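First, one chain by itself in structure tokens, the form predicted alone.
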């Protein structure tokens, strides 16, 4: 609840509704299905949307597998019951929803032919664990597709000033209006991997990389304001600051940054990866 007594939504739902998010993930879903279709194995029977959140990618996956000739079971996993409930309302009975974590899901879902893991791998400190879980859950010849907009290389050259300006304005607003300062001891710093480091993790956990490329998306001010509502993002940007304080500060400060830079959109790279189990 917020201070006003209104329940706040701290999921990824608003951010996932933006067109660029749909397009980036459509490209990943299509590429992953295409790579799997080239594997000389039995047809796809079961697919998994890992860290499905509120179901945006699950809905995409359902739409795509409906076009296949054979029936395909779609399973979606997420640790948040509130996110799963939203996903169920969006997708209905076209998918099965299971509560579970990315670090330990192969004991609740196994024998899958394809895994999608969208915009979440950067949140996990140990990438080997989740990719080993994926390898264990995949059938022979299975394929995983994942993406991230938080990696070494996500800043398009020339855009670095925006991120510094946004955080500067956020710190100023926070200090002026509340006297608070972020507590960097509250969260472990997220280490962003390079594409080469992702390749190394995949290879040592039993995968071979078919696609690893950057796709550029244009981010509006509203998209940054919407992702600021996501608890993981707000806690990472302003650690130790209560969400009902951090979110409005991030929303207002990003608007100031866009105004000062006189921009309406900002390019950002998303790393798109598809790999086969070997």
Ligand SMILES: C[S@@+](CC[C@H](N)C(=O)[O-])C[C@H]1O[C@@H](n2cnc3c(N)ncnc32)[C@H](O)[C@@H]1O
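Just so you know, these numbers come straight off a predicted model, no measurement behind them. Positions refer to the first chain, counted from 1.
Quick note: we don't show the form predicted together with the ligand, though the next part is all about it.
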Even though the ligand is not shown here, does residue 48 get within 4.5 Å of it in the predicted bound form, heavy atoms only?
-> no
Does residue 258 make contact with the ligand in the predicted bound form, using a 4.5 Å heavy atom cut-off?
-> no
With heavy atoms only and a cut-off of 4.5 Å, decide whether residue 123 touches the ligand in the predicted bound form.
-> yes
Heavy atom of residue 180 within 4.5 Å of the ligand in the predicted bound form | no
Taking the ligand in the predicted bound form as the reference, which of 106, 149, 80, 205 has a non-hydrogen atom within 4.5 Å?
-> 80
Just give me the single entry in 137, 170, 118, 87 that has a non-hydrogen atom within 4.5 angstroms of the ligand in the predicted bound form.
-> 118
In terms of non-hydrogen atoms within 4.5 angstroms, which of the given stretches 235 to 243, 29 to 37, 210 to 218, 52 to 60 touches the ligand in the predicted bound form?
-> 52 to 60
Is the ligand in the predicted bound form near all of 20, 159 and 250, within 4.5 Å of a heavy atom of each?
-> no
Stretch 96 to 117: residues contacting the ligand in the predicted bound form, 4.5 Å heavy atom cut-off = 100, 101, 102, 103
